[in-house]
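The data below hold one chain only, encoded as structure tokens and taken in the form predicted on its own.
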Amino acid sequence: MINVAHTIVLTNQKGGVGKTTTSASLAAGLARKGRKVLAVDMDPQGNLGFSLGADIDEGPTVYDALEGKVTVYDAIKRIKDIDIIRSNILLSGAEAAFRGERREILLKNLLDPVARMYDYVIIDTPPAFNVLTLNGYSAADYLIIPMATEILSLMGLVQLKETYETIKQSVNPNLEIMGIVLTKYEKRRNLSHDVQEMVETVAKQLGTRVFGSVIRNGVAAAEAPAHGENIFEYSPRSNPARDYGAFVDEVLQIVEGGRKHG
């Protein structure tokens, strides 16, 4: 049997929740476990590529590939032990540029030829719902929702639930929410525990789980991208590195261990 990559989209329509850091850490963590990983940056800010040490302004980007100017093979760049399709600010023109029929499956069609080359495809999406996020959802097997332990983060989950249900009914019936991962967690703050309890309730409504691994606050997570390194390279003994390591193990158990919700 020929393996096809498990495609995971990191999504949250609220910014500042650690979505790109989680995307980079998941991609790097899976690669460290010996998995073949393709990271795809669908955020015009280009932060995923930057966080993994790529020059986001050199060579073809995902925008070039989606427009058909280059092939998917041309757009893939090797960075250490991860392949990446980068983005930059030009991708912000996608809403205006991609107006044809079936524009929501451009990314899926782009990635289909390389799906058998990888174990995992990790897609970072912008903190908004637009044609780029829609393409991510349409191409995905799973959604992972990074969420900061803040009250305002809860409000975005309601909107995300509606979006997810719409996409599942119309474009991608196999889409599944793998879980919600809590970021910027501070054990000593009552708010973190309160939000955690509320998120458990929302997760049940979404038919999903809250990951057992929570990502604690730590300056290393903010500093690592500036050095073009993932958290495991930059500060392997830091709290965020330990937490992301546990999170990666949990993802592997869910995807490859055959464990279902509940």
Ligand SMILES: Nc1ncnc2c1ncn2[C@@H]1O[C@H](COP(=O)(O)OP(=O)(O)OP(=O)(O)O)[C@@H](O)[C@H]1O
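Remember, it's a predicted structure, so these values are computed and weren't measured experimentally. Residue positions are given as counts along the sequence shown, with the first one as 1.
The next section is about a form of this same protein that is not shown, the form predicted in complex with this ligand.
Asks: Check residue 14 for me: does it contact this ligand in the predicted complex (non-hydrogen atoms, 4.5 angstroms)?
Replies: Yes, residue 14 lies within 4.5 Å of this ligand in the predicted complex.
Asks: Quick one: is residue 45 in contact with this ligand in the predicted complex, heavy atoms, 4.5 Å cut-off?
Replies: Because a heavy atom of residue 45 falls inside 4.5 Å of this ligand in the predicted complex, the answer is yes.
Asks: My question is simply whether residue 222 lines the interface with this ligand in the predicted complex - judged by any non-hydrogen atom within 4.5 Å.
Replies: The answer is yes: residue 222 has a heavy atom within 4.5 Å of this ligand.
Asks: So in the predicted complex, does residue 216 come within 4.5 Å of this ligand, heavy atom to heavy atom?
Replies: Residue 216: yes, in contact with this ligand in the predicted complex.
Asks: Mind checking whether each of 108, 133 and 136 has a heavy atom within 4.5 Å of this ligand in the predicted complex?
Replies: Zero of three within 4.5 Å in the predicted complex.
Asks: For the stretch 117-150, return the residues whose heavy atoms include at least one within 4.5 Å of this ligand in the predicted complex, in the order they occur.
Replies: Going through 117-150 in order - heavy atoms within 4.5 Å of this ligand in the predicted complex - there is one hit, 127.
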